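One chain comes next, on its own, written out as structure tokens in the form predicted alone.
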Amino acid sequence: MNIQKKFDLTGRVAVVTGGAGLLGVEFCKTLAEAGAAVAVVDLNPASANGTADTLTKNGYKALAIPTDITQPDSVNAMVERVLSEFSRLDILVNSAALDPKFDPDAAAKGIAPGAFEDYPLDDWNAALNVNLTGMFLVTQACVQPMLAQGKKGSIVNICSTYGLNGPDQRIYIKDGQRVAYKPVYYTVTKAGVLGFTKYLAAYYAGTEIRVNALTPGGVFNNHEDYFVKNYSAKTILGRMANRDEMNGALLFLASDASSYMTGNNVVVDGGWTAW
């Protein structure tokens, strides 16, 4: 098989959770361009429809499926819809996750938003529910058709450099004043994603169901100048990532190009974790 064929996803069906998010949109576009039919799974119906409509207008196969990944009935209905429309399921990209949400009352209490000492239990529980339990529920449902299709498929779990290292809270300082903290749940849940990845890869030994992680570094999303400067100074390449710079790694993991790879983690972070 030539190298271009290894990256070809023609005839395959992909589910992307968080498919209308910053990276989710890129992942959906990448998989569609490689030939896959893509289910854009997102909590926001309008955003999911917008992403799917853009893909279909450009000649790709895409379907929006609004889904609450924390609810088993919603997840199961999503998989049933995928199978009804496309008859199979070959690729799962677990990209849905809560972005850090800081306690709006923290500043009034004299504590910087996101501080560990006063981080709200409700926010902690919500993050665990989406970032870990949601990934568990979606994977549990999506692996069933993979098993039925000859025990073959590719699962890609989106991690973060903050799942590998503790956050450097100094980058959240502006003009000598602390603006915020990266909250505790982010590192904890993203580290859990790696554990989940290794567990599943080992569990499906003896099959062709492969499970890997993709760990992006910081992706520019109209951040303030102080943050871009602080973050970029910590990377070897001296900048934040562009939103399309995870796409090559994502396609590699989803396709046959990574057919001898499972239980591993591809880090695309501009060198953040190398020094």
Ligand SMILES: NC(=O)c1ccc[n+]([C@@H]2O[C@H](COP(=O)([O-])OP(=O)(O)OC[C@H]3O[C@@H](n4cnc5c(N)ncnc54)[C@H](O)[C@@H]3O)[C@@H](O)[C@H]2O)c1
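The first residue of the shown sequence is 1; numbering continues from there. The structure presented is a predicted model; accordingly, all values stated were derived computationally and were not measured.
There is another form of the same protein, the form predicted together with the named molecule; it is not shown, and what comes next is about it.
Can we say G24, N44 and I69 each have a non-hydrogen atom within 4.5 Å of the named molecule in the model of the complex?
Answer is yes for this spot.
Partner proximity in the model of the complex: L98 to the named molecule, non-hydrogen atom cutoff 4.5 Å
Because a heavy atom of L98 falls inside 4.5 Å of the named molecule in the model of the complex, the answer is yes.
I'd like to check something about S160: if you look in the model of the complex, is any of its heavy atoms closer than or equal to 4.5 Å to a heavy atom of the named molecule?
Residue-level check for S160: yes, a contact with the named molecule.
A20 versus the named molecule, in the model of the complex: is there a non-hydrogen atom within 4.5 Å?
Result yes; A20 sits at the interface with the named molecule in the model of the complex.
My question is simply whether V188 lines the interface with the named molecule in the model of the complex - judged by any non-hydrogen atom within 4.5 Å.
Outside the cut-off, so no.
Pick from A115, I171, V130, L164: which has a non-hydrogen atom within 4.5 Å of the named molecule in the model of the complex?
By the 4.5 Å heavy-atom cutoff, the listed residue in contact is V130.
Using a 4.5 Å heavy atom cut-off, which residue among V228, A249, V219, L63 comes into contact with the named molecule in the model of the complex?
Of V228, A249, V219, L63, the residue with a heavy atom within 4.5 Å of the named molecule in the model of the complex is V219.
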